[in-house]
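Taking the form predicted alone, here's one chain by itself in structure tokens.
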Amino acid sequence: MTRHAIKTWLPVLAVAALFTGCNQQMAPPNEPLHLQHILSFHQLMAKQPKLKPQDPGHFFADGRSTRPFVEGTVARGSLGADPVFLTGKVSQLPPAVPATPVDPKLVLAQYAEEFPVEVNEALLKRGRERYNIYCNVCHGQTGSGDGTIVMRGFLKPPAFWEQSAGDKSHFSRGLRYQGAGQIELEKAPAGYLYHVITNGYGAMASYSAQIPPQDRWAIVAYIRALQKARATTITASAPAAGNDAHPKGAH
């Protein structure tokens, strides 16, 4: 075979090599491999027997190719055996009765007061790490609602603790909307804080996709630590005047 002929057939042979593992009968034995054989085989592959999602089928009695989940099937890691751990709630509000005011005690009673996980140093360290990743940018390092994007004009979230006498910026908007009245976030149930992280509220989106349940409880535990520290934390973390430190609330 001349060098010119090799150059002419080389691309065809390269394409043929990609298909030889799929079907050994592309061309009759001892016959030259032509481009039409390759194209013909490619068309056969495109028309191979298969069922696309939601295509009708004749194998099953209901005529559906897509099979429903077996009753009782639970995805690995999604059993949900502990609803308090997963939702932060211990009960649900009864159905609303028209023209009847909501009982504030029932609103608060639906949320867990106690942590369903052990609160220890490791949990608090994990909570601080996750808080600084996901929450700091809005709520600030100390939980006073002065995160970086708030400094740039974003809606200011409620503070986690009282800022000054008479300042009600630390009262929960969500609990007030539900009918619980004016509740300071320092006194809000731990399950409520977890519920907001999970489902979002107002301008805050749900973080259930980004933060697993264990880490959400860790963040709630760290928020409780910030609330207890309050002014002590602010004094200790305040940057010295005139230095080049990042503004409070920045990562």
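Position 1 is the first residue in the sequence shown; the rest follow in order. Note that the structure is a prediction, hence the values are computed from the model and not measured.
Not pictured, yet referred to below: the form predicted together with a small molecule.
Since exactly one of 106, 137, 124, 84 fits, which has a heavy atom within 4.5 Å of the small molecule in the predicted complex? Contact with the small molecule in the predicted complex is made by 137 alone.
The small molecule contact at residue 226 in the predicted complex, heavy atom, 4.5 Å: Residue 226: no, not in contact with the small molecule in the predicted complex.
Residue 168: touches the small molecule in the predicted complex, heavy atom cutoff 4.5 angstroms: No.
Spell out, yes or no, whether the shortest heavy atom distance between residue 193 and the small molecule in the predicted complex is within 4.5 Å. Judged by the heavy-atom cut-off of 4.5 Å, residue 193 is in contact with the small molecule in the predicted complex.
Partner proximity in the predicted complex: residue 211 to the small molecule, non-hydrogen atom cutoff 4.5 Å: Heavy-atom contact with the small molecule at 4.5 Å: present for residue 211.
In terms of non-hydrogen atoms within 4.5 angstroms, which of the given stretches 112-120, 173-181, 88-96, 67-75 touches the small molecule in the predicted complex? The contacting stretch is 173-181.
Candidate site 161, 217 and 221: all three near the small molecule in the predicted complex by heavy atom within 4.5 Å: Spot residues vs the small molecule: no contact at all.
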